[in-house]
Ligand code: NG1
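Just one chain follows, in the form predicted alone, and it is written as structure tokens.
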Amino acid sequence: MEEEQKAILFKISSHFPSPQGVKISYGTAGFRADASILQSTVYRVGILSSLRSLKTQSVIGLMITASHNKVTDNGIKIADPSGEMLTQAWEPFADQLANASDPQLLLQLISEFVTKENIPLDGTWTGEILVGRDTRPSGASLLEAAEQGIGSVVGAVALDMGILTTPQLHWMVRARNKGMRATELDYFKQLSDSFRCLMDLIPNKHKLNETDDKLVVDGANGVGGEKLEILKKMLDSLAIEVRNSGKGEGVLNEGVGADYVQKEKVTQHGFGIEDVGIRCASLDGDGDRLVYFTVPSNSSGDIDLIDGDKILSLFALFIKEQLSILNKEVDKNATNNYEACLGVIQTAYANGASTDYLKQLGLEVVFTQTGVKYLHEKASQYDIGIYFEANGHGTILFSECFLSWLDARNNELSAISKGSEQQKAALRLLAVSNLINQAVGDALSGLLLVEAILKHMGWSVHRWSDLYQDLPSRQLKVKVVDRTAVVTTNAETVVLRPHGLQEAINAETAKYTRGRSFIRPSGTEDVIRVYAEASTQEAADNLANSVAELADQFLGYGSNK
């Protein structure tokens, strides 16, 4: 590494000392903590994103957000060239950078890594980093720290894309690296055009009643609500009312948002008895999670939740149907046949009833560790890979090979049987591939796809909700001394360490009909997460509490909530 580069890094790094006595850990999707201690971390991730851009000779993304966390938190995510999360191979380096105790150690780590990875720092290549942030008050100052980090690396430049949803930034990175236009307007145009295409292909133009045609969306008082207000102006065939849009007095993610709705299963702020029977949806703070719900007619305050598992099931059902139509009456002797491999990816948090339903459809279902990076990697191994977490984060991936074949097949069908059901199926699948955000889970694109499929099916939200009945479940958190003391295997469903804990969980679970429970260390908080499901809500609650107590006993002090 050149002496000039070392001098620049040493000088600027001295202005961003690491917080004393604090260890920052790279979680399932980047760094996240109280915003007051993140200046040095964000600065150093700015350096990392520059090195990543120079290494890959591609555009990289840097997003400042803490997603569904409280407003006083913030965090930072990196988007790799394809729009996916930062490659796991670089995560240890990210951890080392974030926790370097002084500028000298930081400089040593960077120098060794640059040499090891053969990263060009001689000005022969320009690194380009797209930077975005959500609506958190701390975002502006952290953005400046990120830009300082990017500017510390010779040949790297930051492009401030403004206030965005996390999925918008990931989409922009992917689009830029594919040689496409990548402004926010381009994003909105691609989504709205693809949605209109699907609407135009609805069979028999199913007509729903006025209640079923209305959609009310909780924007979590965040950036997603703001962007949906813009997007809905481009959609003349969808009646959307946005509440908790972030323009009022509400607080980001406080008593609102997809995480609150999915975890608590109660009516959030801004919704009540006047919404009984209406189709409702909820986004999270940075717009990458989506759940649906309805308000029942009783006054209990509970909601009927339609979570990521049912969104996945709806998508899988629709795509399976289109593939079946496309392959109907295929010439067995033709040389251009393509038997698409469709896979469904879930985590241990998926409700057992959803897994049973998907398998009954004849679909291949596989499990991974919790975290988008694991789901995305597995889904990319299929021609069409659908993944969703129960929390509402997920998307659909289409392989380039399949899309090339599909485009050619559509052209062929257009020439020999234009307007046929097979050609319409091909057009629908192509439209889905453009509507869904293939870089990362996206609440806005996912919402439009849900709405298009419901209208295609002629289904009300209640018909969708009745696909299967969820097993009652409960999630808890246990504060522990050291979350890393828990080591799991088998997609995080089995505890390897501490020894004896899994046997205790098994014994407790065996007491309940259809009981299932597991624990795992959080990727974003200093807690152990507990999940339990059983045949009744009381049983699920009791099982979760019992397993939480076991975790507390094996792992030291703790308090449940």
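No experiment lies behind these values; they were computed from the predicted model shown. Note that residue numbering begins at 1 and tracks the sequence as displayed.
Not pictured, yet referred to below: the form predicted in complex with this ligand.
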Region of this chain that lies against this ligand in the model of the complex, out of 56-64, 505-513, 28-36, 43-51 [heavy atom, 4.5 Å]: 28-36
Asn391: heavy atom within 4.5 Å of this ligand in the model of the complex? yes
Heavy atom to heavy atom, is Gln475 within 4.5 Å of this ligand in the model of the complex? yes
Within a 4.5 Å heavy atom cut-off, is Thr368 in contact with this ligand in the model of the complex? no
Test of understanding: in the model of the complex, would Tyr349 fall inside 4.5 Å of this ligand by heavy atoms? yes
Residue among Lys232, Lys263, Lys320, His462 with a heavy atom within 4.5 Å of this ligand in the model of the complex: Lys263
